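Shown here is one chain on its own, the form predicted on its own, set out as structure tokens.
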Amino acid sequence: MASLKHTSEKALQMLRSLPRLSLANIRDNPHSRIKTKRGRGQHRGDFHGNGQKRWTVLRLGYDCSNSPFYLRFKYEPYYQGHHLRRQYPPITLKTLQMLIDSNRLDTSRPIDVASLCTTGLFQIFPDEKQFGFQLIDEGAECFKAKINIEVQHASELVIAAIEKNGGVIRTAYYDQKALHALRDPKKFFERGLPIPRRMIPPQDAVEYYSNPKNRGYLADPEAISHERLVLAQKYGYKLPKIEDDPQYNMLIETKDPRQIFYGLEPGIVVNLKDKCIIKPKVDV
């Protein structure tokens, strides 16, 4: 009995000196894991499992080397942030004139993103970093319409082609939430949600939309009038007087920088079923 007691005390003393059991000190039994030898042509070897004869068909992405071709080229730093850049699907002046001639667009009212999307020919996907439309100068020599249009990007020749006919153009920024409402106004109104406020442009876009040369919606109106005259002198055409135009009220109609739809302030709920508009009691 004395020897048994001595043995148990010795075992307990050894347990006290040993560290506590944890994931850090757990080990496999010796020789419990046996590494298998790699077979010939297994796991995509030197010749990708095709043997010594290289004229057989290689895997997609390989061209007679051990590395795919897209990993053998150096990294190009100018692609940095490319997936975050804002995209603007193009619309030509020729297409715009065709839509006007076919009565898909009403020139007696201002044209914006909602007007272009309701034609059924253009779509915007804000989830894919598309932030509106841009007008390009294809067909500038045949554009003859007098319109009041709002787009997100336009070149100098496009601005000159529109103002030469007595029209007005503005460039304005819309955030993704506002574009979801503009791309399908009927679907948005059927949800019964109040019209949100348009967000201000990000820091890298403030300069563009504040420049009167780009006809930005945040630019000074007097500076825009001066730039209209400068552009007319540059391209050699006589600038029509908007004040004497019978459609003067339509041509000068604009949106507030926080407004999304023409004639509808933020916070308004449009009820299509009852054909009524519910205005908020407190200013939004």
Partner chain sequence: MAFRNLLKLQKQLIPQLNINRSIAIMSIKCGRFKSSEKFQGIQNHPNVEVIENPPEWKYVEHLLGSKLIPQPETKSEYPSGWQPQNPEKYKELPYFIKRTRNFMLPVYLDVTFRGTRRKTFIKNIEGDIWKLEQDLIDVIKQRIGNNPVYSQINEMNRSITIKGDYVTLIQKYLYSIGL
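Under this definition, the rigid core comprises the largest set of C-alpha atoms superposing within 1.5 Å between the forms. Remember, it's a predicted structure, so these values are computed and weren't measured experimentally. Numbering follows the first chain given and starts at 1.
Not pictured, yet referred to below: the form predicted in complex with its partner chain.
Student: Pick from Gln130, Asn148, Gln97, Asn214: which residue has any heavy atom within 4.5 angstroms of its partner chain in the model of the complex?
Tutor: Among Gln130, Asn148, Gln97, Asn214, a heavy atom within 4.5 Å of its partner chain in the model of the complex occurs only for Gln97.
Student: So in the model of the complex, does Val206 come within 4.5 Å of its partner chain, heavy atom to heavy atom?
Tutor: Residue-level check for Val206: no, no contact with its partner chain.
Student: Any chance Glu253 has a heavy atom within 4.5 Å of its partner chain in the model of the complex?
Tutor: Looking in the model of the complex, residue contacts with its partner chain include Glu253, since a heavy atom lies within 4.5 Å.
Student: Does any part of Asp101 reach within 4.5 Å of its partner chain in the model of the complex? Heavy atoms only, please.
Tutor: Yes, contact at 4.5 Å.
Student: Taking any heavy atom pair closer than or equal to 4.5 Å as contact, tell me whether Gln134 reaches its partner chain in the model of the complex.
Tutor: No, no contact at 4.5 Å.
Student: Heavy atoms within 4.5 Å of its partner chain in the model of the complex is the criterion; list the residues of 264-280 that meet it.
Tutor: Counting only heavy atoms within 4.5 Å of its partner chain in the model of the complex, the contacting residues of 264-280 are Leu264, Val270, Asn271, Leu272, Asp274, Lys275, Cys276, Ile277, Ile278, Lys279, Pro280.
Student: Taking the rigid core as the superposition reference, indicate whether the CA of Asn29 shifts 2 angstroms or more between this form and the one not shown.
Tutor: Yes, shifts by 2 Å or more.
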